[in-house]
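Below you'll find only one chain, the form predicted alone, shown as structure tokens.
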């Protein structure tokens, strides 16, 4: 599916514009454990609104409320407040890159009490949990929808805004390597670079930095990696897991292990790659990747998660072995 502005009805764009223009305060939220698209779309839109004179508050519903180290270069973090300081009953709340209410974490009750809840997202698994939905599964990133909305509002996309939006765009397209990459995505990148951002500096922050401890923990994941040639309907399954003890042994924060899946997914013999990561509270976050023959979003949605056909995830309270036992039967190739 290609990005198409008509995926969102014109009347919905018009209503979103009217709501933002009429609001004195706009409360923004993105999903828990934010990635580049979630945080980039929220902060980019927040910066553009503030420059236009709006009062903006932004947050995400994690108990620890810590911006991942890889994203601390993003401008606009002075907009952020802890969940406890977020408006309890916002007049206008906007969510970014969250496919379900549950993905808002501690801010889900706030969203439930918002007078208007505008959901901005590009996940095909989005449950339409708001009062207005700017949802386009054909968009390569949520930041693409933010750019469209900013344009309709007449907001300025300066260097800082562009940096946030570009971070989301390159994160969700894998630096324009994933199947979600479209001509529209490349065109947007050109507009953002023209605003003065430094693509080389952004790439270094996102992909070319890690603490030495990451290599130690990656080694633990590789030591226990398993290849199942008969998995994923005979297309091959490769998987591994990381415990909080692995991380604690080397003093590595949870947000530093997101990239492990990108190493595991390279295996030639497997169509699907899975990495299970234990968080600090003992729960498991499961990341899945497909090379195109298996819709992992369908599998993850069945287990309470969601995502895209080639990249999705879910959470589990079961052991890695029990979690994989639930996931394996769902990893079936799409019909030709």
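Just so you know, these numbers come straight off a predicted model, no measurement behind them. Numbering follows the first chain given and starts at 1.
Keep in mind that the form predicted together with a small molecule is missing from the display, and what follows is about it.
Partner contacts here mean any heavy atom within 4.5 Å of the small molecule in the predicted bound form, and among 263 to 271, 53 to 61, 287 to 295, 22 to 30 they occur only in 287 to 295. In the predicted bound form, residue 311 approaches the small molecule with a heavy atom inside 4.5 Å. Contact between residue 141 and the small molecule in the predicted bound form is not found at the 4.5 Å heavy atom cutoff. Of the heavy atoms in residue 326, none are within 4.5 Å of the small molecule in the predicted bound form. Under a 4.5 angstroms non-hydrogen atom cutoff, the small molecule in the predicted bound form has residue 315 among its neighbouring residues.
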